[in-house]
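In the block that follows, a single chain appears as C-alpha cells, in the form predicted alone.
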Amino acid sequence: MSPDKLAYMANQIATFFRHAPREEAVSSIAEHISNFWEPRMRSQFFDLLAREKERFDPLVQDAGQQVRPIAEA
C-alpha cells in the first residue's frame, strides 16, 4: 500500500474518534488498527510512523505505541 494511502486511512480513523476524550480516542484507534489491519499493513504503519510521523494526526502518533505488534513467524 502506498504511504499516502496508509497515512490517509489512519488519519480517517483518528477523525472518527476525535469526539472522544483523548485517552479513549488513542486506545480506540490502536484497537481498530490492531484488530482490522492485516500484519503487512501494520508493519508498513510501524515503519512509516518511525520514519515520517509528521504524516499522522497526533492521536495516531500516540496510538502507534499501543498497536499490537506483529507476531514473529
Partner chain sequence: MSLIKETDYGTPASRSQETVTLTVDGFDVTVPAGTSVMRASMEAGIQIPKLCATDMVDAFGSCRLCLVEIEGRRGTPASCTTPVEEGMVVRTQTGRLKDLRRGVMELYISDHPLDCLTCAANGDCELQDMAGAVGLRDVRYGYEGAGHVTARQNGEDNPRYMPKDETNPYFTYDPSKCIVCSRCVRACEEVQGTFALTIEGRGFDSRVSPGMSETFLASECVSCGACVQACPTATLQEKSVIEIGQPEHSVVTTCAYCGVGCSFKAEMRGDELVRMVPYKDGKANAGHSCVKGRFAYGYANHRDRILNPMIRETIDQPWREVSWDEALGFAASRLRGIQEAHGKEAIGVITSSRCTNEETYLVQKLTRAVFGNNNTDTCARVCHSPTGYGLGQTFGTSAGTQDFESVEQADVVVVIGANPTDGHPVFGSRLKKRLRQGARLIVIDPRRIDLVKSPHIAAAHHLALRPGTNVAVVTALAHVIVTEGLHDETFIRERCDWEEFQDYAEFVADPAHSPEAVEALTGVPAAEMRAAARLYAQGGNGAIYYGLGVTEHSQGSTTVIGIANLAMMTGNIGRPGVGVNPLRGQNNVQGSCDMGSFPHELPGYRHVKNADVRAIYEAAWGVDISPEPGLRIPNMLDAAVDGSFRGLYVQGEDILQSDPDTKHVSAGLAAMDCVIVHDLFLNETANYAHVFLPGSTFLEKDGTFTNAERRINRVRKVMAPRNGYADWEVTQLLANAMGANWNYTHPREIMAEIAATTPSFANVTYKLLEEMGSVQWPCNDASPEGAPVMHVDRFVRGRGRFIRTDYVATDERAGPRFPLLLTTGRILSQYNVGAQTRRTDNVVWHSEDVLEINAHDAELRGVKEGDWVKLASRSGETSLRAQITDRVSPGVVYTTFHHPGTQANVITTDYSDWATNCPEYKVTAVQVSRSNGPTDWQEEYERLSARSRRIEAAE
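Small disclaimer: the values here were computed from a predicted structure and weren't measured. Positions refer to the first chain, counted from 1.
The form predicted in complex with the partner chain exists for this protein as well; it is not shown, and the discussion that follows is about that form.
Looking at Q65, you'd find every heavy atom of it more than 4.5 angstroms from the partner chain in the predicted bound form. Taking non-hydrogen atoms only, M41 approaches the partner chain to within 4.5 angstroms in the predicted bound form. Among heavy atoms of F17, some come within 4.5 Å of the partner chain in the predicted bound form.
In the predicted bound form, the partner chain stays beyond 4.5 Å of every heavy atom belonging to L49.
For the stretch 1 to 17, the set of residues having any non-hydrogen atom within 4.5 angstroms of the partner chain in the predicted bound form comprises M1, K5, Y8, M9, Q12, I13, T15, F16, F17, in sequence order.
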